[in-house]
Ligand SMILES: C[S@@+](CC[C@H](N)C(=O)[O-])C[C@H]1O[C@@H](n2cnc3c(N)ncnc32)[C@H](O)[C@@H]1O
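This document opens with one chain alone, in structure tokens, the form predicted alone.
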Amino acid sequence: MLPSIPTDVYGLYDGLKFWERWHVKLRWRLCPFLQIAGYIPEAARIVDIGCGRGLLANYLALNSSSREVTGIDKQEKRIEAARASIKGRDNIRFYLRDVLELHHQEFDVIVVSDMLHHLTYPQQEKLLRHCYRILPAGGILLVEDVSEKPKWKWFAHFLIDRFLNLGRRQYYRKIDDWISYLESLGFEVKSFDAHRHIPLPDFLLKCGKGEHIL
């Protein structure tokens, strides 16, 4: 059964148009947000890179007042919708911003969810190198993306992504290749399947900066 969006999160988007609210529901059902959230401390400075309309960021902020959550995205319309969802809360903010503008030790946790395969291979590497540079010792990078297995879920992902991103090429890597690259940067990496309750072949990598912090 696909996960339903929590009522308190969905209620933040009551001002959106019908098709935008439909997309919010679909996005929640297709992404392992709850699993990602499970690896994030109750008290931390967090940035969600490529946050879209801010679903994960809002969930993290709603579930712990000790979190300081920032969402960044380069799509103006989505950031407008995310900002409208804040509704006076003071532990969450959204910016129309590039990841390369983030500064050293600004955040304890960086989340890169379901976006790397939309970047070219050099762009992927540039983003991840920057994440390593700006994380403090003991910081965590969470990377969620899609794998080639199981095959039927890969096929489902291919069809859905093509429908939602017509005309845009996707840039995939195998999990082992992601792990190898992240370890070459200096991260300690653990991998997890993240597709148990969704129809897509998602995986999650928890990457720690510093020895034996995972």
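Quick caveat, the model's predicted, so the values are computed rather than measured. Sequential numbering from 1, following the sequence displayed.
Quick note: we don't show the form predicted in complex with this ligand, though the next part is all about it.
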Original post:
Which one, 61, 40, 51, 146, lies within 4.5 Å of this ligand in the model of the complex by heavy atoms?
Top reply: 51
Subject >> Of 119, 109, 134, 86, the one that lies within 4.5 Å of this ligand in the model of the complex (heavy atoms) >> reply: 119
Subject >> Interface segment, criterion being heavy atoms within 4.5 Å of this ligand in the model of the complex, picked from 185 to 193, 61 to 69, 27 to 35, 172 to 180 >> reply: 27 to 35
**OP:** Tell me, yes or no, whether residue 113 is in contact with this ligand in the model of the complex, where a contact means a heavy atom of each within 4.5 Å.
**Re:** yes
Original post:
So, in the model of the complex, is residue 105 in contact with this ligand at a 4.5 angstroms heavy atom limit?
Top reply: no
Original post:
Within a 4.5 Å heavy atom cut-off, is residue 74 in contact with this ligand in the model of the complex?
Top reply: yes
Original post:
Is residue 99 one of the residues lying within 4.5 Å of this ligand in the model of the complex, judged by heavy atom distances?
Top reply: yes
Subject >> Pair residue 101/residue 123, Cα separation in the model of the complex versus the displayed form, closer or farther by 3 angstroms or more >> reply: closer
**OP:** Might you say whether the CA atoms of residue 107 and residue 102 end up closer or farther apart in the model of the complex than in this form? Their distance differs by 3 Å or more.
**Re:** farther
